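Read the single chain below, which is given as structure tokens and is the form predicted on its own.
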Amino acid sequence: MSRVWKSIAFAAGLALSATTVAAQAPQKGGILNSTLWPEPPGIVIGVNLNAPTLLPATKMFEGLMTYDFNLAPVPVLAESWEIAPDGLTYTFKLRRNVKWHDGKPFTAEDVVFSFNEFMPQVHSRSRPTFERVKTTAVDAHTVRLELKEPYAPLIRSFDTLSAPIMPAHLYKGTDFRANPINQTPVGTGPFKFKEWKKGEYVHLVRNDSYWQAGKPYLDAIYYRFIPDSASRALALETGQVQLAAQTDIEFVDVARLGKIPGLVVTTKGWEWNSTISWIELNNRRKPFDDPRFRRAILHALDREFIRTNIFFGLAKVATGPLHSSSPFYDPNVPAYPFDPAKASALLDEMGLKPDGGGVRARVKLLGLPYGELWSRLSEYIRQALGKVGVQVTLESSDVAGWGSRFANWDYDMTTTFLSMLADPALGVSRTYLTSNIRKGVLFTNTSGYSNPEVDALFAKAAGSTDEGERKRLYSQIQKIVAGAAPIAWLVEIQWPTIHSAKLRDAIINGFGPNDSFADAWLAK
């Protein structure tokens, strides 16, 4: 018998809030001011996937689904769906009363275009998923997805971050990245683009024609670019802004802000992301092409110090390619405890002997330009590696420059972080698959790691519907990849969201501040 999900089955998921202060009817009106730093290079998901892009973009664009705190699917642009017993066909019934922000009707053509063309071409996160799928329109409000083999993670691939539905009438037949509409985005979401004043803010306004009657409650949202971290914290304290999330607030300030009356601090709402921070190592360049050098880097770093003193406890030491929250996580992988003597021994084994100044190798580290935390992390890495004879020169860049250099492999090492998502086939494999080595595209396999055995194991795990077999396969992958150490995993980040107690129903599912905010409201 086929499996069918109806919107009513998950309606309760949208009614839950991590921050509800009291049972109170939502109030209409009000302007939400949020910090956003750094200023994003763009605000169209897929074209850009930088963390600052996602916060405003998820208010304008929507997917077929969202997912609750337990990552169960909740309908959005799809009102119901059916999966064939063999797992090879997915059929979605689409909502009929949806319009794009320019007034054009949303139809199956938009879904077909998004899944067959837009996602495989520009969306680095979802390309491996949607290359597996052929999507066709059954009628104007029904689409069918067909696979050649079962793909268990597909049901968790239809959120706004992974699969934003794009307007075919504005993108089809164009250069998606260069399309002028990227400057004035058009989506189906509860908020419409109004203005991007460079260096100051992105301004979104209420979509009065939104398909959810009576929503959104807010009149507008301003994402304000405040470069100085102390000024961002002060803006929260004084009520100039009502929301800050992820990289907006320095971790050193979180505990203090949490004690201020009228402010709420939560780490809920990041269940979907499962973020790991690491040092990306360019495996194409010497001495990074030698796994002994990469292992030496890991042994030279005190990751407990990083967790405690740089991330201020809002993190957990990472052990390898899978986040510990994953049901497929295996802790029994090759380990790299803090051991400078072991690091030095590995460098000796490579023949990298200290010169007269004690230097064994000279490398460069391109720092992530997302604030002071990342600058402190870069400085710590420089000092720690210097103690074992690896001289690190720090390089800085703006967000666009960092992204261009990283995507085009123009680096030795760089600090970064990436979401592991709800299944390893969605968020993990993209970093290690040979087929996902794509120059010029961020958040693909930028390190250049390639292992045919790992490729085959990932493919088999993604295609299996047996959870026991998948767990065994992912365990093998973790052991092989952790042993090769293609990147230096640092910590699993527990992102904080800080907001005014007057802001209600903003954190209602596993996407937290990256949800649509159709339900968010401000108490008077």
Partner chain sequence: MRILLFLGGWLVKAALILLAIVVLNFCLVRLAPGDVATVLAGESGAADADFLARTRAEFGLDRPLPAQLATYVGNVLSLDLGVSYRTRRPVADMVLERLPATLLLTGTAFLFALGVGPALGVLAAVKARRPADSLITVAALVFYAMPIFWVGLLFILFFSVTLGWLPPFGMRSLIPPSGELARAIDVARHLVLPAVTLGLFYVAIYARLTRGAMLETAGLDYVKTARAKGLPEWRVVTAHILRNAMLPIITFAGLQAGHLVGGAIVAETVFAWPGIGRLAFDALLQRDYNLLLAVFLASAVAVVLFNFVTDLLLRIADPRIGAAGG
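For the two forms, the rigid core is made up of the largest set of C-alpha atoms that agree within 1.5 Å on superposition. Numbering follows the first chain given and starts at 1. From a predicted model like this one, the values you see are computed outputs, not experimental measurements.
Missing here is the form predicted in complex with the partner chain; even so, the following discussion is about that form.
- Proximity to the partner chain in the model of the complex, defined as a heavy atom within 4.5 Å, singles out one entry of Leu298, Val241, Ala315, Leu77, which is Val241.
- The listed set Val359, Ala140, Ala335, Ala230 contains one residue whose heavy atoms approach the partner chain in the model of the complex to within 4.5 Å, identified as Ala230.
- Contact with the partner chain in the model of the complex, defined as a heavy atom within 4.5 Å, is made by none of Arg294, Met413 and Ile480.
- The closest heavy atom approach of Asp86 to the partner chain in the model of the complex falls outside 4.5 Å.
- The partner chain in the model of the complex is not approached by Pro26, whose heavy atoms all lie more than 4.5 angstroms from it.
- In the model of the complex, none of the heavy atoms of Ala462 sits within 4.5 Å of a heavy atom of the partner chain.
- The shortest heavy atom separation between Pro340 and the partner chain in the model of the complex exceeds 4.5 Å.
- You can rule out all but one of 319 to 327, 204 to 212, 221 to 229, 93 to 101: in the model of the complex, only 221 to 229 has residues with a heavy atom within 4.5 Å of the partner chain.
- Taking the partner chain as positioned in the model of the complex, the only residue of 368 to 386 that brings a heavy atom within 4.5 Å of it is Tyr370.
- After superposition on the rigid core, displacement of the C-alpha of Lys439 between this form and the one not shown amounts to 2 Å or more.
- Core-aligned CA deviation for Phe118 between this form and the one not shown: less than 2 Å.
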